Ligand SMILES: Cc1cc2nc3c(=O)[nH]c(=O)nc-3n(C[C@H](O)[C@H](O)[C@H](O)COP(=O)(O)O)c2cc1C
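Next up: just one chain, as C-alpha cells, the form predicted on its own.
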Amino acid sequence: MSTDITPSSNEPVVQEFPSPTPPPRKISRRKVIALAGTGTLVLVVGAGIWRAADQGVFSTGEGPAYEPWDDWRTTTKGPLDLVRAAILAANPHNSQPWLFHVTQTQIDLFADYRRNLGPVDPFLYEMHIGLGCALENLLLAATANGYITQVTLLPDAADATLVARIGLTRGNVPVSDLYPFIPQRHTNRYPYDTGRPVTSATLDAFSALGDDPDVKVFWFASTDMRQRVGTLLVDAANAFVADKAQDGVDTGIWWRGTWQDIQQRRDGITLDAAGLPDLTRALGKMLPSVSVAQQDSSFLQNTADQVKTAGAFGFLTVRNRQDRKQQLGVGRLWARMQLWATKEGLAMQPLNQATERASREVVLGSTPHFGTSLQTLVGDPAWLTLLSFRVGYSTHEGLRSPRRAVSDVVKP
C-alpha cells in the first residue's frame, strides 16, 4: 500500500478559509494564555469586576451559545432531536462544519465547505472526521428516539457536500449505553493524572469499539513510545507555529476572544476550553494582548505539558487516506471512543499537529518529515494516520465549548 497522500483530481485542496462573517477582533488564544502566565496582578475591584462580568468570568458555560448542551433532548421525539445530538459532536477547531436537511423520514448530512480550516486541513480530512462524529451521535440518538436507520454514505456522486443520507422508520431497537453521555463529552486539555496508568485492558476496550475493517487504532503506551510520540507532537507544534499560514488560522479566524464573540458566533476556540487553571482563565479573559513571541511560547509550553501527562497516545489510521468513507469511519469511531471514555471517567484530546504538518508538506512539495515519522511509528505501510490523540485520567473536568443552534444548521 502506497503512503502517498496526494489528493485525487476531484478532491478539493483548500488554501483559504472564506469565513461566513469576518471576526471583529483578532486576538489569539495564545495571547491570553501567555498574558495570564506573565505574573501580572489585577485587583478585581470597581471596573475590574465589571470587566470580569463583561467577559463571562462568572458565567462559564452559560448563555445562548451553550444552551444546546442543556436542550439536546425534548419531550416530543422527532427527527430534530437527532440533529440536537449531532451538533454536540467533536469537530476540528470547533468549526462545526455541518448542515442538515430534515424531513419526517430522512435526514441528509452535508459538509459546509465555508467552514473549512484552510491550510490546517487542506484536503478536508479533519472536516470529514468531524462529520463522522456528528453522524455517530445522530445514529445513537435515532435508536433512543424510536427510529430504525438506513445509512447511505456519499449518496450523490454529483454533490460532494452530501456525505450521508439517513433513512428513518419507526421501530424499537436497543439503545446504546453511550447515548446518555453525549452532553457530558468534552475535549479535555487539562493535565492528566500521571499516577494513574491507562491499562492494556482499557486500551483493548477502546479498540473493541471499532467495527470498520478500514479503520484501525494503534496504541503507544510504554514509556519509550510515549516519549517518541510526544517528541514528534512537540516538534510538529513548533513547525505549526513557524508556518504563519497555519498559525494564523488558529490565532485569528477561529479564535473567540470576547464573551460577545462567543455568544454571537457560537463556534470556534475559547479560553474556557484550553485546559488552563481557573485563575489563569479568569485573568486571561480580563487582561490585554501580548506579543506574538509570548503567545507562541505559551502555546508550545502548553503542548509540551499536555504530552508529558498522557497516559497513552493513539493513532487512528485508514487504508486509504483519500477515501471519504474511511475519513467518516474514523470520525464515527472517535465519537464512540470519546463517549465510552466519558462513561468510564477517562479524558481524551486530539493532538493532530503532526498529521496537519504532513498534509502541509504535500501542499508545499517539501520533504515529508512528519509524514515519514508517522509512518515509522505505525510500522505498517498498509495503515495511514488521520488522527493522533492522548488519553488518560484528567485532573479537572473538561469544560463546554459553544454550539450553534439547530436553527442555524438546518437547511430549508
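As the structure is a computational prediction, the values presented were derived from the model and not from experiment. Residue indices: 1-based, along the sequence shown.
One more form of this protein should be noted, the form predicted in complex with the named molecule, which is absent from this view; the next part is about it.
The stretch from 91-99, 107-115, 311-319, 166-174 that comes within 4.5 Å of the named molecule in the model of the complex, counting heavy atoms only, is 91-99.
Screening 129, 262, 142, 271 for any heavy atom within 4.5 Å of the named molecule in the model of the complex leaves a single hit, 129. For the residues 326, 258, 202, 187, the 4.5 Å heavy atom test against the named molecule in the model of the complex is passed only by 187. The closest non-hydrogen atom of residue 387 lies within 4.5 Å of the named molecule in the model of the complex. Under a 4.5 angstroms non-hydrogen atom cutoff, the named molecule in the model of the complex has residue 351 among its neighbouring residues. Shown alone here, residue 383 lies farther than 4.5 Å from the named molecule in the model of the complex, counting heavy atoms only. Remark: residue 69 counts among the residues lining the named molecule in the model of the complex, judged by a heavy atom distance of 4.5 Å or less.
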